[in-house]
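In structure tokens, one chain follows: the form predicted alone.
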Amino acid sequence: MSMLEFQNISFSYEKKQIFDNFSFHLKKGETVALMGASGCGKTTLLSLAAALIKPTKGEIRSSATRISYVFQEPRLFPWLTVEENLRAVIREDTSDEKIAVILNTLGLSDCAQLYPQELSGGMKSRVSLARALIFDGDLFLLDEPFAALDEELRHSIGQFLKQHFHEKGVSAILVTHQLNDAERLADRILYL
């Protein structure tokens, strides 16, 4: 059963054709890594999947009920602490323990009361990922989530995500330029 289907879609930015009669499917519980040159349409595909933009032709079908989106650049609320950034996207019944576990897992326990401007680039990326995890989507769209992380963190967080996705039956699309990240996390790799 598909979580997401692109059927013969076309999309252009002004006069630049990004997709022409493109089809793609993502099964429930599957992780697909998107790879390819800069500007080939990887981020555009995520934006289409999230319905942030619409195709000019074709159809996109999604059975996702909640989408956790990690943008390429961290989009944190600068006036909120790390913990408050997480709380901004959660249901009221989410426990303090769940927040603490996610912060600890991503190595952010000591950062809960810090503001985004007090964080390094890698920390901001991890807070964005923590926010996506706490939102608890059934479809994850990850746009270069490991770009600001060192290899050790890439590996440990990649392993955690793979286990999390498997246990929850989550579907995910990962945009990356790193073959190691794609091989570590994805069931299959799609080159654009």
Partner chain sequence: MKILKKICRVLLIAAFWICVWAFAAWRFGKPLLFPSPLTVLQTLVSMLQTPQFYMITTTSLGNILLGILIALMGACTLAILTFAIPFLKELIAPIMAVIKATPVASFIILALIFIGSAKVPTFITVLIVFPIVWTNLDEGLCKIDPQLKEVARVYQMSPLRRLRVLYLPSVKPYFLSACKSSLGLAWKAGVAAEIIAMPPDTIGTMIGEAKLYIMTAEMFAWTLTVVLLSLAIEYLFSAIFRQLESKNNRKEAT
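Because the structure is predicted, anything quoted here is derived from the model rather than measured. Positions refer to the first chain, counted from 1.
Not on display, but discussed next: the form predicted in complex with its partner chain.
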{"query": "Its partner chain contact in the predicted complex: Ser120, any heavy atom under 4.5 Å", "finding": "no"}
{"query": "Contact flag, Arg131 vs its partner chain in the predicted complex, heavy atom cut 4.5 Å", "finding": "yes"}
{"query": "Any non-hydrogen atom of Ala100 within 4.5 angstroms of its partner chain in the predicted complex", "finding": "no"}
{"query": "Any non-hydrogen atom of Ser68 within 4.5 angstroms of its partner chain in the predicted complex", "finding": "yes"}
{"query": "Among 49 to 57, 162 to 170, 149 to 157, 25 to 33, the region lying within 4.5 Å of its partner chain in the predicted complex by heavy atom distance", "finding": "49 to 57"}
{"query": "Members of 75 to 90 lying within 4.5 angstroms of its partner chain, judged by heavy atom, in the predicted complex", "finding": "Arg75, Leu76, Phe77, Pro78, Trp79, Leu80, Arg87, Ala88, Val89, Ile90"}
